[in-house]
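This document starts with one chain, in the form predicted alone, laid out as structure tokens.
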């Protein structure tokens, strides 16, 4: 049965890399109908909603989405760019990908960070004998996607009821006399059920793919209640997985250790903010965001996206210079999810071969600053990288 995939290019280079991923999928023999989903900055500016209801309806119907990238700006800047006819009507900008995750309860985010052989951007370190060594990084971050600091429960000038509730905590005494307009509050909310879900998913993945450890990466010595709940649920779940070690690291220490001994870490699980931070840290060891893919998985709907931003300054370059590999790898995660693992593995093998051969490399892989001159200096275009992957297929 031919599947229907909701294709959401979004903003900036999302409009460039998503069509390239679809080209690779088609070359690998994956037959699907792609329906366009509107999302991103232009719809905020023109409609006051960067995630229109029509796109929500498409995802609810078809349940699988491929997403490119979004431009997201602070509240004041967003208000300035809203169509004048919509201003003063109560529209408030929220990140559409965060809204999508919360609307469809896409609470499990998976972010693999794996070394490709012969990638010139791979992490290396000095060895004890004065030479250099290149550890193999194979870390998969499970990020709780819908709660924590990204839940969106926050205020500037919090209402009276909120201030009164906060005032019941003795540590709020230091802020009791701060004027409301000078006080901003963002909450970090964890629930036991969702801590258990993300930890269980991490352990199940570790068992399925042969990882020997799951590391909870939080900050329980300071953020005692929320991080403490994650750690407690991890300890409870770990009893059902005696073959897998449970480790615990603080996020700050983890960011140091990932550049000392990254090969020691298999599956990492964290709340939303810390998961975002540590996954970008590990992505930097395997080539950067041009190689960083992700899955957002809920009970009914799943959306797959690269973790890079929209980089609008590169959108209109002709020819395009951006690296499409993260988007293609995200499409591979989609294939895994819908039972097309053999096809996904073929694509990943083709990417591996192109990187290992080294004849076709994007500007970031040859360590150039992005700009229109990089093609003349030896960088491949976006389309040439896709062509090379397809040729290997």
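Since the model is a prediction, treat every value here as computed from it, not as a measurement. Residue numbers count along the first chain shown, from 1.
Keep in mind that the form predicted in complex with a small molecule is missing from the display, and what follows is about it.
The partner is absent here, but in the predicted bound form a heavy atom of 276, alone among 138, 107, 233, 276, sits within 4.5 Å of the small molecule. Contact with the small molecule in the predicted bound form, defined as a heavy atom within 4.5 Å, holds for exactly one of 219, 163, 114, 101, namely 101. If you check the small molecule in the predicted bound form, you find a heavy atom from every one of 95, 150 and 305 within 4.5 Å. Considering the small molecule in the predicted bound form, the lone stretch of 239 to 247, 166 to 174, 142 to 150, 126 to 134 in range is 142 to 150 [heavy atom distance within 4.5 Å].
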